[in-house]
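One chain comes next, on its own, written out as structure tokens in the form predicted alone.
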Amino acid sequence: MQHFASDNYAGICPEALAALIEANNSGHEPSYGDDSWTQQVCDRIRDLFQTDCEVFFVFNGTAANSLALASLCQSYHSVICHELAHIETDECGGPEFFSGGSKLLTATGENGKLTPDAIEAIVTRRADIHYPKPKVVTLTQSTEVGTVYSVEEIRAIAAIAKRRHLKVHMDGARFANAVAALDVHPSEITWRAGVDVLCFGGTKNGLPVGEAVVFFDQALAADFAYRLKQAGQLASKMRFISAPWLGLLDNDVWLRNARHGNAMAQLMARRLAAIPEVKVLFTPQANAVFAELPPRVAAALRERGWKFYQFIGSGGCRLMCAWDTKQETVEQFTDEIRALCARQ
């Protein structure tokens, strides 16, 4: 049975699994990232973004975000993020821990997005030595409510960041879904728009494990390998984290997977919007749908075995579609919602 609780529920996509098996069958390889597979994937990611960037691999998104942010600021600095950002709501203080105490300063914004004005307000709130000095602004792309920052929005935020001497970090756990939604080259919403470092998510796109931390400003990557080692994120058999990326990168499988997840979310939203008792809370752009379901309906769905989350920040039920979500699963789920809503 497929579920809508998280795109982490999905398995490994066939292409990534094939690359993993091929790496396993290729014989002995050097450890700790000195293998040919890891070098090949790093070069492919540089080709993908059309720039000479530094690439590192970690086990999960919390480590990617936390260690990347720690490399951008000192303990007495602060990080500006949206109030619904994953680093604020779901990472157990990881960014603060790995940075030695850098404070997260949250801002509000419609559709889960930061705005230049919100960033400016936080930066100019205080300038005394008793206030943690803002050093980084972080964007979640796609956002925690399934929306996407446009190229223009990222450029505007990067411009205010540059004026205020802030670095720009992008939490791209669902970066592939954002690229697919915008139909732009990945460079256009990263380094060409002013992003300094990207945490490029692979797990939610069909990998078994592993995220890539991509430094477009290579100077910021100084000693990052030591951070990985100290944090227990340096895999000894690195090729088993890196090699599956080839399965995603070859033939743009990563985009195909993302487009499918997005399309299933669009189907979900259309079918839910046609049910009078259900309210779709945000216009879905990526692979997430947020909907207000009557409590009795949500309870009945869970009793029937469906898994989905009540969203932490904005309310409503979060319904995530994955690279392998089947159309018939979406149709069955929404048909059951319609039937339950019709009961008195």
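Don't overthink the numbering: it's just position in the shown sequence, from 1. What you see is a predicted model, and the numbers here were worked out from it, not measured in a lab.
The following text describes the form predicted in complex with another copy of the chain, which does not appear among the structures shown.
The candidate site formed by Y149, F200 and Q218 is entirely out of contact with another copy of the chain in the model of the complex, as no residue has a non-hydrogen atom within 4.5 angstroms of it. The closest heavy atom approach of V330 to another copy of the chain in the model of the complex falls outside 4.5 Å.
When contacts are judged by a 4.5 Å heavy atom cut-off, A243 does not count as touching another copy of the chain in the model of the complex.
The shortest heavy atom separation between H3 and another copy of the chain in the model of the complex is within 4.5 Å. Residue contact check for F282: none of its heavy atoms lie within 4.5 Å of another copy of the chain in the model of the complex. Only one listed stretch (81 to 89, 157 to 165, 110 to 118, 191 to 199) carries heavy atoms within 4.5 Å of another copy of the chain in the model of the complex, and that stretch is 81 to 89.
With the partner omitted from this view, the residue of L104, L139, V123, V179 that lies near another copy of the chain in the model of the complex is L104 [heavy atom within 4.5 Å]. With contact defined as any non-hydrogen atom lying within 4.5 angstroms of another copy of the chain in the model of the complex, the contacting residues in 94 to 119 are G94, E96, F97, F98, G100, G101, K103, L104, given in sequence order.
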